[in-house]
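Before any questions on binding or motion, here is one chain by itself as structure tokens, the form predicted on its own.
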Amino acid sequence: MTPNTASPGGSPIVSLRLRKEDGTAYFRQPEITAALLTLSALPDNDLVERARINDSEHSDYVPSECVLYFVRHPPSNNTSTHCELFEILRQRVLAAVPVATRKLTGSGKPAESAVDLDIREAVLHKFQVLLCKDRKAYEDRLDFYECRFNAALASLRATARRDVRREAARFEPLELEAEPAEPSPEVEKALLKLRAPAPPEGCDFLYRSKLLRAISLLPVKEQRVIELILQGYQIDSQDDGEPTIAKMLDCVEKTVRNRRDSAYLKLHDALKDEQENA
């Protein structure tokens, strides 16, 4: 982490080091530099409180470029202040990578896109890696974020989206090679009962608990399919406007059915083992 020393021009604001291809230095926008000068004079508590303001139209709003600056160059040796500013910056990164949620008509339960979740996680990870490197030695790639935070994050998001989709494509054919055996009708019936808002009359509470536990032990991809089935979503639909499991998980219908059938078989085996060991 670079010490908060004055720039060659006498300004208390640390200069950027990143250079363009032609050798010229990157520079902050004038309004960002002016904001940094004002914010640098504030007590730690006031700086943190202003940084918590999320409304960019608010007169006291602190631009993300400035929050990043103070994470890189803490205004004091107060560890608490640095941690709070870091968490604020982290939340801004998450807010800049939204995860789409879709609802089935008549259902109050949202379902998040698995691909969007992976993209957001990848963006946050890559950004935090840059911050960690900057604490050890000046990471000039973060200078771009101090110049145009949203543009830099958009570029990072595009890279993460490409990587996540490419990684998903690598494993997609493996799931389509083999057809799983016919799913167990007993499991299908049990899941239908589990979807009911209240346990049907005569329903074994212990059996429901065992089924829920078995679902929680499924591989993540299969677990997501089962969870969406329990929320009432269809695997696919002729209606382009209807949210489906295939759309939410960003994969073809055949892949979803394979994951569902594989999950059903695992659930059937798990419940069978429970009965035999009871």
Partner chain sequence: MSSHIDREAILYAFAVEPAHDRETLDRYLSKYPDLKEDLIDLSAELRLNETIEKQPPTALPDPGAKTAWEEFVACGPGNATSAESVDLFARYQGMAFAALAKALNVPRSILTALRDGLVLPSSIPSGFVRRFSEAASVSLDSARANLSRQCEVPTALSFKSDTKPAHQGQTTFRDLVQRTPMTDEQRSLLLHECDEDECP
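Positions refer to the first chain, counted from 1. Here, rigid core means the biggest group of C-alpha atoms that superpose within 1.5 Å across both forms. Model, not experiment: these values are computed from the prediction.
Only in words, not in the display: the form predicted together with its partner chain, which the text now covers.
- In the model of the complex, every residue of the candidate spot (83, 133 and 150) has a heavy atom lying within 4.5 Å of its partner chain.
- When contacts are judged by a 4.5 Å heavy atom cut-off, residue 216 counts as touching its partner chain in the model of the complex.
- With a 4.5 Å cutoff on heavy atoms, residue 118 counts as touching its partner chain in the model of the complex.
- Although the partner is absent here, residue 138 lies well away from its partner chain in the model of the complex, with no heavy atom inside 4.5 Å.
- For residue 228, a non-hydrogen atom is located within 4.5 Å of its partner chain in the model of the complex, even though that partner is not displayed.
- In terms of contact with its partner chain in the model of the complex, the residue from 223, 237, 33, 40 that brings a heavy atom within 4.5 Å is 223.
- Along 17 to 38, residues 21, 26 each place a heavy atom within 4.5 Å of its partner chain in the model of the complex.
- Put the two forms on the same core and the Cα of residue 246 is off by 2 Å or more between this form and the one not shown.
- Annotation: Cα of residue 70 displaced by less than 2 Å between this form and the one not shown, core superposition.
- Shown here is a form in which the CA atoms of residue 250 and residue 123 lie at least 3 Å closer together than they do in the model of the complex.
- Between the C-alpha atoms of residue 158 and residue 245, a gap narrowed by no less than 3 Å is obtained in the model of the complex, as opposed to the form on display.
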